[in-house]
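Just the one chain here, laid out as structure tokens, in the form predicted on its own.
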């Protein structure tokens, strides 16, 4: 007897022994009116054969069992970490006298820096409290089914997400090449106005790319990724793939691009001038005005450079003028209060550098930024610690 015939006989026997089950099955399959049960036996054969009693349980692979076990343990671990984070957040809010419900991550960072001051140079070595998602890396989802068959076609490469990304980059590059060939056949040149501008952006660093792909990659693999992205961006029709390219670009923290350079004003004498207010350094506060053209005159609270007795403070004051090659070509007027010589000279130096942006070209602004002239110095005097003689100094230890 053939396999098909045996299944039909099996179905008819089930129909004879359990007519009510078959009637329910016929109703579920919406049989047409007037059709008999005997005629419906073949139509409902699959439904009856697919009953739970006839189905054999599929065996779950060992890999899937191991994954499910690890996933369950990870979920329980993350729940515990979330609970501990909320408890710590509430304690910090109570110590700072704030509302725990509206206590943000910025408030947490400020509270930790105030309650647990640290002089360690590396920020990663300082005490911190972040959400569990930021502290513990993300885990990959299941890459195979219950039978052990992988979902991804590149599963056996060991890094399916990375190689899938390279494949997508090659596909985008080939599309742009084909488009360029079609345009050349028609005699159409690419429009320079639509050229993709990535000034102020860079390709994702290796660590951020690994976080996005949830995979660790080698240096040579990251080099291949970077070269592939450069080849894609270099295409004259790269703007067609702008959405794809921007997914793997990171904006640069370029203050000269982010902050608009103010335009100088004209005074009563017809000279250009620019004023920078709230120039801060430690506890010193200054207002600086730079006028051009000038004779190199420097006025600090109505005095000349001799306002500072030590040479170090004078060098700090003149450094931006020497660096921009404008010493003797501009006049500087500064009003400063609070702090000591070091803080006051640092405040005036930053104010002069910010004013000089309006009198130099973009290349010099970028050079000044790289030299650190346009960066505020937020360093403060470290506070004294309890149980110590000073901020770092300890009491003399005596054994007896």
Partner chain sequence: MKMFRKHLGNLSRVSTQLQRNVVQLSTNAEASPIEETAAASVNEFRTAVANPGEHSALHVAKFYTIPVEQKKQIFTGGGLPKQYEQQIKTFTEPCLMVRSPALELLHYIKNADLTKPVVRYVLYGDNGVGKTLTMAHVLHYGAINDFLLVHVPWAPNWMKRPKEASNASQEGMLDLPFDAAAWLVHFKTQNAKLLQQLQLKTNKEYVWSKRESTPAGSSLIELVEHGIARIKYATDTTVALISELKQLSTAGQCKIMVAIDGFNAFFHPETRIFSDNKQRVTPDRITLTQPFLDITNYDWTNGVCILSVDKIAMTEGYMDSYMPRYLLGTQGFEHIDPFVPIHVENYTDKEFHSYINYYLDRHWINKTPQGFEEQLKFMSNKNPYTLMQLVKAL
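Bear in mind that the values here come from a model prediction, so they are computed numbers and not experimental data. Numbering follows the first chain given and starts at 1.
The following text describes the form predicted together with the partner chain, which does not appear among the structures shown.
Note on the interface: of 232 to 240, 180 to 188, 312 to 320, 166 to 174, the segment with non-hydrogen atoms within 4.5 angstroms of the partner chain in the predicted complex is 312 to 320. Taking a 4.5 Å heavy atom cutoff to the partner chain in the predicted complex, the contact residue among 266, 125, 214, 305 is 305.
Taking 100, 111, 327, 129 one by one, only a single residue has any non-hydrogen atom within 4.5 Å of the partner chain in the predicted complex, and it is 327. Using a 4.5 Å cutoff between non-hydrogen atoms, residue 209 does not count as a contact of the partner chain in the predicted complex. Taking the partner from the other structure, the partner chain in the predicted complex has no heavy atom within 4.5 Å of any heavy atom of residue 284.
The partner chain is not drawn, but in the predicted complex it has a heavy atom within 4.5 Å of residue 298.
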